[in-house]
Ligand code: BES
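Before any questions on how it binds or moves, here is one chain, the form predicted alone, in structure tokens.
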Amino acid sequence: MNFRCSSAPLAELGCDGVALGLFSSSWQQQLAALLPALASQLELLLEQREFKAKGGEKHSFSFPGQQPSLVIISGLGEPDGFDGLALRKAAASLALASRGSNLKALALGLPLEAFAPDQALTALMQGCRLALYKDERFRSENKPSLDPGEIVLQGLASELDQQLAQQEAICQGVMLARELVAAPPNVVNSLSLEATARSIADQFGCELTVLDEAACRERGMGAYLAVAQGASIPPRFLHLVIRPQGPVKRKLALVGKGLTFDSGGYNLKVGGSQIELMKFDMGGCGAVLGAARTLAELKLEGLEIHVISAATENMVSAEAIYPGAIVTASNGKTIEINNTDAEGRLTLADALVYACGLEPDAIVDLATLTGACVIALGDEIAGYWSPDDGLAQQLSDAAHRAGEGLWRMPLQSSYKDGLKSGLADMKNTGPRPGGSITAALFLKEFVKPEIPWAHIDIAGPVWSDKGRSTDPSGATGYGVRTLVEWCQAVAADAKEGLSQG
């Protein structure tokens, strides 16, 4: 699928399909300005259908033998509140409405006056490209695509075409994350994740270090290996480094939870626990590898990025860790495992210690960590915890630009009492109330206090059963866009600080 920008009127673009978004208070005037030749005919047809241009209201009209032969019209509601996310959703909705039409070219006409050109480009292209994503890898027969061959982003100067490659790189990262998370656990495992990381390293000239079980044992990664010991597939600790072409001004670490399947261990998951979907428990790893694929192509000036994941599966076997066992993490802290189904935080513990050893300027981890976070925020918003206000604000701003829901949660220090153990330094789970908070407090014990750190719990938005306005059903690729936006902002800030200095 190709994209291009054009500031020419819709009627002059030569597209056989046109998709319009209209505000409720002025839809007739907008229609007359955008498609004057068909405006009166369309207005009559829309009035017959009692069109009010309410948000989400959508109609399609065919005009055989004419140009355009298909017109799709969607209501946008009132202009107030029509922000970047609304623009992204409108683009996604119109693109989906064109599916199956087999158009040669679809012209997308949406009101862009309130947006900066690069902001509009991002929302329009990502909205369309990611909405039309379809995973056909595991079907015996693939149906031919009947999506538009080209989408023209009307209202944007053709000079912006030079930014389309960057947007495509971001979309490719999201789609990689979706494919990793959606793939069944007999396809994606620790060894295949290693292969994916190696493919990124080979394609874009990055450095990859892979630690096997013996190497992890030498580093004292007892928490991670406690989870891995029940697996039939050997664990792999992945460390991918993306270096800039010039000098390094900032160093960031992205850590992703990499549980390729979570049976719960001896605290086995039972009916109603979504055990059949526990392939998505490596959603954090999928997100950081997806972001790595994008960032490796973009090669942001002055920014060195370390992508880390302790990959394994959590299984039941004669070798699996016992409930009640005590293990020692690589920073020397001892952990009483009172629940083997709280395994992700054990793998992250050693991954965070490893990340701290790199002395980065900031660490962000992503994990499908707790059902408690889903109860608190639902399936469209991720929760995040950080003791650093500056980093917290950066991530909030990045998520807003990316169109991904993110909400800061409290690190209530008194809740740490729930992690007390009578035998070890701590337990791996606390009481049921505030479960996502105690999980974050557990992770905090493995991060050096002088390093800015944030933990993002993506258990809700990593997967969508019914699909959303900007995502198809299944794996969403959540987190990739936020991470890329954050890294771009850090790189820009470092560059500005250097120029001012």
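Source: prediction; values computed, not measured. For every residue, the number given is its place in the sequence shown, counted from 1.
Missing here is the form predicted together with the ligand; even so, the following discussion is about that form.
The three residues Ser6, Ala120 and Leu156 each lack any heavy atom within 4.5 Å of the ligand in the predicted bound form.
Partner proximity in the predicted bound form, defined as non-hydrogen atoms within 4.5 angstroms of the ligand, places exactly one of 299-307, 262-270, 136-144, 349-357 at the interface: 262-270. A heavy atom within 4.5 Å of the ligand in the predicted bound form is found for exactly one of Glu313, Asp365, Glu404, Glu343: Glu343. For the options Leu160, Ala182, Cys216, Ala372, the one in contact with the ligand in the predicted bound form, meaning a heavy atom within 4.5 Å, is Ala372. Heavy atoms of Ile456 never reach within 4.5 Å of the ligand in the predicted bound form, leaving it off the interface. Among residues of the shown chain, Gln172 is not one whose heavy atoms approach the ligand to within 4.5 Å in the predicted bound form. Although the partner is absent here, Ser330 is not a contact residue: none of its heavy atoms lies within 4.5 angstroms of the ligand in the predicted bound form. Residue contact check for Tyr384: none of its heavy atoms lie within 4.5 Å of the ligand in the predicted bound form. In the predicted bound form, the ligand lies within 4.5 angstroms of at least one heavy atom of each of the following residues of 277-300: Met278, Phe280, Asp281, in sequence order.
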